[in-house]
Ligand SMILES: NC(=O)c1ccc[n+]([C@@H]2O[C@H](COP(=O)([O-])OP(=O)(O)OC[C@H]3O[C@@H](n4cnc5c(N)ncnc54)[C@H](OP(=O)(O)O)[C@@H]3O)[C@@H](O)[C@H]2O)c1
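Just one chain is shown here, as structure tokens, and it is the form predicted alone.
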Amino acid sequence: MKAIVIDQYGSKEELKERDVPKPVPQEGEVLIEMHAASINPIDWKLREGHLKGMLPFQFPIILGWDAAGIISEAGANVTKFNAGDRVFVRPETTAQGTYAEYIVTQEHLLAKIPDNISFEEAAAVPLAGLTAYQCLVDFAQLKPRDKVLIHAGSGGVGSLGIQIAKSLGYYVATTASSKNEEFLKSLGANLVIKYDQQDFEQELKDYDLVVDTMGGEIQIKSFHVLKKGGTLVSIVQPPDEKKAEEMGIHAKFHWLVPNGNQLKELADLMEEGKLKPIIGSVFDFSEQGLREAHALSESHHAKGKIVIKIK
């Protein structure tokens, strides 16, 4: 089968098209004929070698950890899904990723794609959607009308996070450039702080939760918008625990945990029209297509999700 692999760490030029063996599903696994994948920062961070200490994979590596497609074959003891089902998944983080014509993944990580959602839309959701969901739900016991700040609302995690937070009844603020204000309000943001015109730490106070997708100075400033007892969750870098303790704030670093049950909850929101994947760009499943997709993701200026159309 066709796959895009890397044989060593380096630039986007390391992405190479290759013919590799088609995987075989084992007990509790399914074989998925891939129709779409999407790009996430973990893809190019691993490609560049920044994660080799955390993820010491052997080459060649197939990148990609978002998948949408049709079950081609079910392994032994698979009971909830059948061949022909349209499914999407955030598989476990292995060296056999989703830049491929077929993947295998465990049944318990899968969810069915709603009939009103395309393969491309479904592929845009698992990693970013689960990341946002877990940040919003797993670390703070929030109630309706509690105040949440989600940084970088136009990005993949941000655009899904705003909609998920809104579906849970939270008051949602976000940061973005002024040109994206109306777009983010259409997703449900109550307040858009325009970073090219305003300082969010001067505008916001007494927030219950901050979802930090930026790190660095943004993370440091985010401490000051939280009320005592509030929570900061970062998906970029571990927060300063000493500073958090001094300020009476809970601070956590979160690395996504694949979860089929939570993905099913996101599927239900999509079916109800409460969660709409925002696709910014679609690229071909080719060496050049993946290189261009990585370049766009690395620019940090992508609006919504970057999707790879495989079939």
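Throughout, we count residues from 1 along the sequence that is shown. This one's a predicted model, so the numbers in the text were calculated from it and none came from an experiment.
Another form exists, predicted in complex with this ligand; not displayed. Remarks below refer to it.
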- Message: At 4.5 Å between heavy atoms, is residue 168 in contact with this ligand in the model of the complex?
- Response: no
- Message: Is residue 274 part of the interface with this ligand in the model of the complex - any heavy atom within 4.5 Å?
- Response: no
- Query: Any of the heavy atoms of residue 219 lying within 4.5 Å of this ligand in the model of the complex?
  - Reply: no
- Give a yes/no on whether residue 195 approaches this ligand to within 4.5 Å in the model of the complex, heavy atoms considered. yes
- Item | Answer option from 142, 83, 236, 95, heavy atom within 4.5 Å of this ligand in the model of the complex | 236
- Listed residue that, although this ligand is not shown, lies within 4.5 Å of it in the model of the complex (heavy atoms), from 263, 42, 278, 270: 42
- Message: If contact means a heavy atom within 4.5 Å, which one of 222-230, 106-114, 126-134, 67-75 is the stretch that engages this ligand in the model of the complex?
- Response: 126-134
- Message: For the stretch 157-183, I need every residue with any heavy atom inside 4.5 Å of this ligand in the model of the complex, listed N to C.
- Response: 157, 158, 175, 176, 177, 179, 180
